[in-house]
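Have a look below at one chain only, the form predicted on its own, in structure tokens format.
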Amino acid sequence: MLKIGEEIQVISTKVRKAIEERDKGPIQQLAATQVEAGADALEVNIGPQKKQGPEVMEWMVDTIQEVVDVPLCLDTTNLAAMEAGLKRVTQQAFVNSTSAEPDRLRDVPPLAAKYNAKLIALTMGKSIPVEADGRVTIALEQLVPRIMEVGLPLEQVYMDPLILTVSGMQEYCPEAVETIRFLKQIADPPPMTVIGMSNVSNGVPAANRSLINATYAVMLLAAGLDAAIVDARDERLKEWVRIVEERDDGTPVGQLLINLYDFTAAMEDLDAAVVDMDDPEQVAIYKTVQILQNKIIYADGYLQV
């Protein structure tokens, strides 16, 4: 799984202050620490930046590329700022993102094609369909035809099934898994896929976020996930991804994760019989799978039930 570090985003007080003061230090520290932690690429989210967008994006790209040499995932709704960043990158960038909204679908794919960038395409129009079928229909009937029309190779397109929080919107969680599975099975050629991993645990108590993110990552990988915007410093997530990708762990928890991967890949529910109910970590994983599959209702104290 390609890991895109999530931390350089304008909603962060540290990042916003650094941009306002044009202070390279905090931005470069975030870039370096994420790459050291294993990020393969870096998200660069400057927000709309309506007035100073191009100048801010140029400064951000230059600042980051002074200290790391990885692809950048440029995230802004300001097309002039996006183009300014694409002109400065030294490696093939990600454009984050288009959707099926008419203005975005008209304007963003040609920009990605012009600069030979990879394109993240959100499987939504003005709203996000709950069911996987609706998201797949948007991908194949609206996004793909427009992307092909502008001449962007489909192998450079990453479909995003859109991850929403399990806290209050858990009915979307299993549908995102199925969206990836359907895209991989139905589309020819099957597109690459990407998600914002931490979105699933937004609003969840901090102590449970890593567990939910990492468990969901295993399930999504089993459906065919290729890339994710993640907390690159989340050691649990990195280790669990490694275990299921390499099928290399002899511990009971590691075997449970491999079983979870195999059951999900086979479109089956995790069998409680493979869970050691006397092992607190295995029980926590099993309960987390249940909420992510929308089998039981999420509550902040779900692990204590």
Partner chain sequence: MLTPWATIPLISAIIQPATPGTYDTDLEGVAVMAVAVAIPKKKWTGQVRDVVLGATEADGGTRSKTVSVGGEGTLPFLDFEAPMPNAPRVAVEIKDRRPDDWSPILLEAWGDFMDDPAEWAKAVEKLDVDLLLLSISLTDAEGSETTAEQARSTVRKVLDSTGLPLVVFGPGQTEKDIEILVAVAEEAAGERIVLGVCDDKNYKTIVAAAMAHGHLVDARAAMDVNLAKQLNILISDVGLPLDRVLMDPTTAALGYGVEYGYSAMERLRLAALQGDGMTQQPMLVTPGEEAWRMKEAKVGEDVPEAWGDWEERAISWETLTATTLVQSGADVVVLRHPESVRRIKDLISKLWKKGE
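What you are looking at is a predicted structure, and each value in this text was computed from that prediction instead of being measured. Numbering follows the first chain given and starts at 1.
The next section is about a form of this same protein that is not shown, the form predicted together with the partner chain.
message: residue 296 versus the partner chain, in the predicted bound form: is there a non-hydrogen atom within 4.5 Å?
response: Yes, residue 296 lies within 4.5 Å of the partner chain in the predicted bound form.
query: Does residue 170 reach the partner chain in the predicted bound form if we count a contact as any heavy atom within 4.5 Å?
result: Result yes; residue 170 sits at the interface with the partner chain in the predicted bound form.
Segment that reaches the partner chain in the predicted bound form - one of 81 to 89, 161 to 169, 136 to 144, 218 to 226, heavy atoms within 4.5 Å: The contacting stretch is 161 to 169.
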